[in-house]
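One chain follows as structure tokens, the form predicted alone.
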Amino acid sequence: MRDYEKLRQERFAAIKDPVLRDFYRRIEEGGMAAATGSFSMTSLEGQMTDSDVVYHDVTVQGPHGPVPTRIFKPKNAGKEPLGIYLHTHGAYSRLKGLDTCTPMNIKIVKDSGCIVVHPDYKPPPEATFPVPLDDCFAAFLWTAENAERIGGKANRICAGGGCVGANLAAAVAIMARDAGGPKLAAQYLYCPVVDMRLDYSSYYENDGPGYVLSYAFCKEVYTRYLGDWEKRFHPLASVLLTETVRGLPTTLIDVGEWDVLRDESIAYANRLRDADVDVTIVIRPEMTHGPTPVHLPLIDAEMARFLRRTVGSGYSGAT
């Protein structure tokens, strides 16, 4: 049996970048509190307003009640329809509230040139599976129906998020494919949860001080989301278990080499590839769960390129 504690110590001792080495030292000493920003796909730091981005709030009616939703777009957008990014944010109750992700969404608009639609779904433990997912799917249907009104196009929508937000985005993609209506053009899955069974070696290999996530913490989060631990086998909770992934949209998966979610991300990418889905997986060396100051600029740039290529100015699909 491999000595994972020895491996952890060797890994952190071998880090050469001083910024990265200091980052992990602080995570190891401060635990989860020092890694708050690691639950999002891009930095939460930034301004609530920006002269180049405008936003307003709408209310989407879902099957479980209203879903407050914020729409962000470039201030000087022309008449040409823009791509749309449906942001299903991560960490459930940790990122509750539209204001929490506003700096992040402003940055996505500026980097990609896309419209961002951000639904504030009902989080656990007050609302458990499938309520958060139903809220996000209702926001997708609203976005597709109102795409032209907000300056976009219904066939140029990408859903995405980080961690459990990526889980929601992946499930929305499956629901959209199976509903017989509008489908997603792309999905962006950052450090995604795609299998809640916790049955991968990376949960043991990357479990320990400094790694941000742990097996125990993931089980706690998944149980809180599901309400009933047996629901982890549901194919819209563990999307890797869905009957078929054929027909899902172009996908970018971005995950850390030292993330507990690494192996399931690889398994999902392989399953998508085997089903002839256009999928790219990026495994970030020396990254745990969530961005570090060293990896964040690379992650943001990769995401912006993906959005521009799949739904934005570089879009080459059907019109």
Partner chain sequence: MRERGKQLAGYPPVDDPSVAWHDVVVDGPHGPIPTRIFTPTAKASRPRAIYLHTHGGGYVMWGGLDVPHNLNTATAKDNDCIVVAPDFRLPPEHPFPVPLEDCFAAFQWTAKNAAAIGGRPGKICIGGGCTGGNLAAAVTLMARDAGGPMPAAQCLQATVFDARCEYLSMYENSEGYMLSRDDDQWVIEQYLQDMEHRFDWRASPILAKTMKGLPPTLIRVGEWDVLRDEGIAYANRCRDAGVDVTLTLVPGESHSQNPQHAREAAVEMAAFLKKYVGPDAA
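Numbering follows the first chain given and starts at 1. What you see is a predicted model; the values in this text were computed from it and never measured.
Not pictured, yet referred to below: the form predicted together with the partner chain.
Novice: Would you mind picking the one in Glu220, Glu243, Glu126, Glu148 that has a heavy atom within 4.5 Å of the partner chain in the model of the complex?
Specialist: Selected option: Glu243.
Novice: Indicate whether Val294 is a 4.5 Å heavy atom neighbour of the partner chain in the model of the complex.
Specialist: Val294 lies outside the contact set for the partner chain.
Novice: So in the model of the complex, is the partner chain close enough to Ala275 to count as touching (4.5 Å, heavy atoms)?
Specialist: Result yes; Ala275 sits at the interface with the partner chain in the model of the complex.
Novice: Using a 4.5 Å heavy atom cut-off, state whether Asn270 contacts the partner chain in the model of the complex.
Specialist: Yes, Asn270 sits close enough to the partner chain in the model of the complex that at least one of its heavy atoms falls within 4.5 Å.
Novice: With heavy atoms only and a cut-off of 4.5 Å, decide whether Lys183 touches the partner chain in the model of the complex.
Specialist: Lys183: no, not in contact with the partner chain in the model of the complex.
Novice: Within 4.5 angstroms, counting heavy atoms, which one of the listed stretches 130 to 138, 231 to 239, 69 to 77, 99 to 107 is next to the partner chain in the model of the complex?
Specialist: Selected stretch: 231 to 239.
Novice: Where, within 186 to 202, is there a heavy atom within 4.5 Å of the partner chain in the model of the complex? Residue list please.
Specialist: Residues within 4.5 Å: Arg197, Asp199, Tyr200, Ser201.
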